[in-house]
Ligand code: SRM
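The data below hold one chain only, encoded as structure tokens and taken in the form predicted on its own.
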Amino acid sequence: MTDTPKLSHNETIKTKSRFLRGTLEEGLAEAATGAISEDDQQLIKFHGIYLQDDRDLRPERAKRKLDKAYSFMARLRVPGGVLSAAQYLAMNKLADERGNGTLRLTTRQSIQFHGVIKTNLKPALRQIDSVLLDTIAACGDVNRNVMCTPNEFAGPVYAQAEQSARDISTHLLPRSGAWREVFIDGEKVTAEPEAEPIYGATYLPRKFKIAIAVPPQNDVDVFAHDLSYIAIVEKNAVIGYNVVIGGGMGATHGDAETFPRVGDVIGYCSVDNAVAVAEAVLTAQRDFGNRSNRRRARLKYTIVDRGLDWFVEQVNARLAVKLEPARPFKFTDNGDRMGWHKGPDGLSHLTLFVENGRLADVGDWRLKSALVAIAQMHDVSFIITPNQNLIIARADAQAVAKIEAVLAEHGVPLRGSVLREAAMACVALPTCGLALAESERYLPSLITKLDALLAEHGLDKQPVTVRMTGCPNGCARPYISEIGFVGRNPGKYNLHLGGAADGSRLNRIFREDADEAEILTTLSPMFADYAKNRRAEEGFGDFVTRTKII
């Protein structure tokens, strides 16, 4: 008799996977279905790919006794979110030829391609590989895309942070050659026996997320990730990082043992030690994370169950240079710096509003075509922000005028309303299998109504962070927004209030299962109270917390 908990099935899948190969090759060659086996559906995530289906079509296809309308979603690995113009054009072409004709900017500074059918999957990944990009570890029980306060061209501090993001991403990348073998050329990269020196054969208990912020901007939401770094700057140079661990947004409705959590600042490290710290935190979680219950497998639960001090001891024991006491820092907000900004080299950078990250042509609003025209005309960079917007970087004086003209010709405004610019939504329906309610397709219309309410009370210029997700997984980080909507049922959302404007505090549930009418009637008197009784510079989340509305 033993008290050792039984491992989850995913652990068995990983153990038997031959370093993430499984039967993917055979499954992708099977022409009788657009799907792959359930075990391979878990493995393919490690390669940045999800199997999905169009849920809008499910009822009709079921009635006709047809298989689900399966397709794949592929997600890029882009540390810091930076793409060249040539890479962007290649990804746009891929979306048209292999996907659903749109690109989706994610909240982790990446691009998702939806609607890639099975026969298009390998050609799509080969197109990605041809421009020196990949999808490795964009999903799965590994370190995912490393986020960073965007725009390495804005000055030396940002370039240093960007380099740290790339260094950490490269160091923590799985060593398996399965991605190239299965999807690209079909040949083993090496004849030597494979090993994963950092991950081991069973990788991590669950996904792992890393972000780097440069104060005063907390645009990456450093307190929402497993591991984050806060740049400490002196004399226009990053001298080191405060280290934050144990954040995470995921939860499960009705399961009190799951919850969102903001991370803890545990110390300071030099720039040179940042990679070693990342490995130490990740391997401690590898060794002590919960491999029996995947709902409790994230780092935040390891810390809650074993204690923060205990975990910090485990980290320091793995470091040649121990963590030092944290240094002072201050965040002011977690939004993007919208509009044009000039860098120290005289080049200009435009942070362009992209509603919910969707790059598409919709009626007179032809954003996707405009970006293609800009990429073809100018040697600029495209940088995905953590708030699902896009920076067009490195534009000279002549390019600035031409870029503005192209955007105007295509009906693309440089800015949205203050509220709309601070809003984010996950994809949700129709493609996400976890979605309980709409998100991306619904939030724009709700923002229009909330904008009108704020204008009634003279608050139309007041920034308020609004986040919406179709389920409690928290991909759009709704639990740290001033107003959060978490899908509960079709047309119904849990209304969360009270997050801090700088992303440092969790909000709380104020009302469960609220429909649109209930949301508006609940928030309207709060906006009126806020307009009348707020303190100078007080954000809405701080106001509802101070006045004990929540």
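If you're wondering where the values come from, they're calculated on a predicted model, not measured in any experiment. Throughout, we count residues from 1 along the sequence that is shown.
We do not show the form predicted together with the named molecule, though everything after this point is about it.
- Residue contact check for R98: none of its heavy atoms lie within 4.5 Å of the named molecule in the predicted bound form.
- None of the heavy atoms of P79 is located within 4.5 Å of the named molecule in the predicted bound form.
- The named molecule is not shown here, and in the predicted bound form it never comes within 4.5 Å of any heavy atom of P205.
- For the chain shown alone, A224 is a contact residue for the named molecule in the predicted bound form, at least one non-hydrogen atom being within 4.5 angstroms.
- Residue in contact with the named molecule in the predicted bound form (any heavy atom within 4.5 Å), chosen from N151, T107, N143, S176: T107.
- In terms of contact with the named molecule in the predicted bound form, the residue from Q87, N316, S417, N473 that brings a heavy atom within 4.5 Å is N473.
- Contact here is defined as any heavy atom lying within 4.5 Å of the named molecule in the predicted bound form, and by that definition not a single one of H253, Y442 and I519 is a contact residue.
- With the named molecule left out of view, the stretch that reaches within 4.5 Å of it through heavy atoms in the predicted bound form is, among 304 to 312, 338 to 346, 396 to 404, 430 to 438, 430 to 438.
- Contact residues in stretch 227 to 250 (any heavy atom within 4.5 Å of the named molecule, taken in the predicted bound form) are G248, M249, G250.
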